[in-house]
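Read on for two forms of one protein chain; each stands alone as structure tokens, with the labels structure 1 and structure 2.
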Structure 1
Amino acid sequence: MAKKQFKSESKRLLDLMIHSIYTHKEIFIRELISNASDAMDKLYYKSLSSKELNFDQEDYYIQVIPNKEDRTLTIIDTGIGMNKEELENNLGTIAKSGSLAFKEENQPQDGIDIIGQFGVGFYSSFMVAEEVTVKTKALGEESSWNWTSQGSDGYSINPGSKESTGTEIVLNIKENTEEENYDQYLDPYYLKGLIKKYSDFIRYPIKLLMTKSRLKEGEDQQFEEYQEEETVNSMVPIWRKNKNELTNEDYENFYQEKHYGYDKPLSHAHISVEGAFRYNAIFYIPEKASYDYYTKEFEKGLELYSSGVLIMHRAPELLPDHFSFVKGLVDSEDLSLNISREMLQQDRQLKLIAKNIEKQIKKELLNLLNNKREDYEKFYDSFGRQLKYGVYADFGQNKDLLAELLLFKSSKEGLLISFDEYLGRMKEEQKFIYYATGESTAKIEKLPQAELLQEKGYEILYLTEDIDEFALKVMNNYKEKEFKNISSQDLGIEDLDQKEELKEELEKNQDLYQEMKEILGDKILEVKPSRRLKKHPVCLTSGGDISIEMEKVLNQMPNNEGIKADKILEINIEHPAFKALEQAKTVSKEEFSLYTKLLYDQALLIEGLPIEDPVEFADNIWKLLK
């Protein structure tokens, strides 16, 4: 049959991989064995619901056969196999469409990194092989098929002669080069090490054909070579092993092997619960979000095993949304193999497991926060947003669980701090936890509203993401200290005399404030002399529950247009601008109106809000310059 082309995106990825100097070429063996094991799992799972199929443990194994003369390495499984259509679909496309484009947009072109991100499974065999042949026969099919490819120039599929169900993959191993010793992939002892390293826990026997030597019968000094199959994996799944026997590297290898992510996990936890309902679980806190994490396509969940058999790739019931970034698995002997999706949702035991896992995840995150701050901040950089959504979602149901885990940049040193750290260094007389909102910390730092607080030495939390203030509003307080937006009318620090002073000023200049309000109409609630401003002439503060920042966010959402914060225009009476304003009032109504509008527009600009009539603003400035 004629050669077929790989889909174009797959071809590019394959090219990158073959020609990259990726240092971990050896992982191809892990990928192929893992596919073989999956194929047998699929068959086993089928046999559970089929009367004709009889699953006999003995019949399920993986063979690895190195052959130095032919330079081939063959991996055979007795799994479910593939029919022609599956061959075409499964081995004709590498990357899910769009994922490569995503990578290229977001990172400089780098083959190594792309492999790291997508762990391209079966195709990794092209890193060590110049030609790959897949001979396969699907369960229940009459005919078998051979798929052959030498890499990125395409593949062909032809009728085959395989008699038993399953798949046989033949790699024609490359010749040695100066940089790379490919011969080692034909050396049984080397292969044995790799299999033990990467695939020890695979629950089917991996039988490696070893070449050994022994004394020749009847001879004293003469040795002869002979071949013998040896099962090289222990077959005990990692989660059934004793924690003390496992190293960090074991857990990391398992994470890679499972394709939980292509980053290095920041930490893991291994739980074994005995008693009325027994289960083992391993979960990981990843460092980086997968490319689809913050999209609708992302599906959360842990793998679910029943007595070592995978029954569900992703059981969403096991993870709450706020911890959806967690990867891992749960295995229980007390769970029925035939449990259906619907039954799972109802399952009381599963709910208990999920609750416990949630608790353990929180514990692990706190452990990172308190003992491995740098790692926690890496984690937070990727998943902090999810935690904040978690606080806000479901009417704040989980806020108490999550509040401790939040970090925000602070006005002191610009570092990330937790609420507890904030409380720990609050001034004695300080009543509130202050925060400011804005697009970036640089912008927030310049907000005039912050002046008074900074003078008092109060720390301010900088909220730069849309979700931030909503989360804080839902929480309302942390350990009984309420949150306060620095742009809100009452900062909670005005003492009486100063309030008196303001009242006097308001009375003295009542006309002026009133007239300004009339000029600006219902754009604002009122105009007031300010106590908080030091160097700046004006600012906008909000009187009600909706802050100016929230107004911005809400107006970007559909169906929410028209929501308005109660804005108050504050004027710094110590500022020369105020003198000029008073002066203008004595000149003419027009002059006063001009100054008022300009000051208001200035306040809008500082707040990052659009000016309602930019043309008028420009004209007004021109009038003033004349």
Structure 2
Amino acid sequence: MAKKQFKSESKRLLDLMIHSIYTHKEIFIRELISNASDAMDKLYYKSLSSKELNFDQEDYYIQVIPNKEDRTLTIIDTGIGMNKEELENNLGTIAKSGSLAFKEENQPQDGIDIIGQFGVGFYSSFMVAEEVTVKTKALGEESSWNWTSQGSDGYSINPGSKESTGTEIVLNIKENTEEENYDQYLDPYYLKGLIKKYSDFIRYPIKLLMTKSRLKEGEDQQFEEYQEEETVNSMVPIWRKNKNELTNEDYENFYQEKHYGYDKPLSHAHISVEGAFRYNAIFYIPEKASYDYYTKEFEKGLELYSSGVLIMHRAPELLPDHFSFVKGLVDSEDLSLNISREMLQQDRQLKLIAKNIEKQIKKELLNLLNNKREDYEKFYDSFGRQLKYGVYADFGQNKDLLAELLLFKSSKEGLLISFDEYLGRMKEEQKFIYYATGESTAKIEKLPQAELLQEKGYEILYLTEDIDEFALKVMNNYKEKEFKNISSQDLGIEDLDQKEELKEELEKNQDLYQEMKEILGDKILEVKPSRRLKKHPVCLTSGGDISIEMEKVLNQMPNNEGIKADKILEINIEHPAFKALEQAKTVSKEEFSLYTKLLYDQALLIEGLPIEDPVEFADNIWKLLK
């Protein structure tokens, strides 16, 4: 029969199908296997409404046969097949889907899903094949037909010799080029990997002809090659099984099989949603972060399946950034996909899945926190930083969702506690949730600003990561209890008598404090007397929104040099250093200046801030020792 032109009229359209729609050439195997599965689903559906048809599951399978010598790859199904008219309509018209038409005409019942939607998947074959032949015989037909094409130059349909119902697709694989290794599509082990990746959960057996080796009979250490058909797909995905039939070991084995991580998951959740929009999902809370988790190279996302066929290896839309550590998958029959089935269309259904998964993840994390504390702390050690970033990001949009999940070390017992646990043991008169910042708990414990709070028995949260205080600043409060840095100017615990006493002291020695301020200049906002200090002579507190610790963090970032907190120098009026300061003021202006600078530098050192002029500091120490 003479060659016909494609009804979609243009070579340019087929070129677009082959070269632009699909990101990876290997996708062709997914598309052809999905079409084969559709063909058997159609036959199964027909058997439900016809007494003459008997659908025996064992008779339905897909065969994949690579032949390196002939450079052919053959895919055979025992499905419904096509007659001449269907060949003409389905393969002669690009982007017309026989599966979609079948679905619309027959409205398949629940549990029977036809994968194909767009009718372009078949043409992905031409990405790897220079010629494609389709040998097919339709159910109930006497004749069989062969459809042959070398791509955009058209196709021909001729009578065939196929005896059994079904379809056989023969791909003549292209020769290798400098850019592309086409030989891999003839390698059984490579094909097996692709089938496991994309089509592992097709409901029919996928049989692949594998080349194996064995010892020759009667010959010592001599091997011979032989071919054996092997079913390479799992068929029934774990997420479609009844949860009651599955054990923790089953879920852990699946985690390892999918290579979600080398660790053992701490927890998992199995979700099955029915109704107007159906989907199944399994997700895991890992114990450890991957080596690239906190790098720009890390890609978040859940695997996305449509009716058991892998569509995306990672679908980032399904996970918010604050839960990007979660591993797992979503499978739905109702997804809106783009024409290549490689990307999701942004729609309401997708957002609903993502929102529900976010709620389920939080629920699972709270379950760990409340019932498996040791496991939660292992998780938090790896991913707590990500939760804090989630609180801080997007102007605190997710702070209410994540606040319950945060833990910080406490001044009591040195253990990690949640905000709820802190509130549960607050003193009755306590107004604030107090926290302290520093490089380590050991350094924080020595901060002079904590002395008064420790004397009163108030608990302090220790913030040791650079993101910590930024997260708390965004939250501002937890269940109406405001956060208060122990280095804040006002701790909210000074009684009226103490405030009056400090006011009188400030008025009494106003000249001393003012002269110290003039000596230190714009390095500080003010100098004032303190009652928070017990053993130490001096400390720095902050008078604005930027704390001293935040100043250190921000100045380490690019283009942020020069950011400064409003520092207040507080003097312990009961300390001998203050008596020496008063005496120096009456003796010598130079000596008073020396004492002032040394006290300020001491306060900087306590805070872990750099001394602005180390040489001057060393000289001042020497002057003091004279």
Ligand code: ADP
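Whichever C-alpha set is largest while still superposing within 1.5 Å between the two forms counts as the rigid core. FYI, numbering is relative to structure 1, first residue = 1. Source: prediction; values computed, not measured.
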Same chain, two copies; the copy that is the form predicted in complex with this ligand is structure 1
Margin query: I'd like to know if residue 291 and residue 148 move within one rigid part between the two structures.
Written below: no
Two rigid parts, C-alpha superposed; the smaller one turns between the two structures by a whole-degree angle of 80
Expressed in angstrom, the C-alpha movement of residue 235 between the two structures on a rigid core superposition is 2.7
Superposed on the core, the Cα displacement of residue 82 between the two structures in Å comes to 30.1
Aligning on the rigid core, one finds that residue 203 shifts at its CA between the two structures, in Å, by 5.6
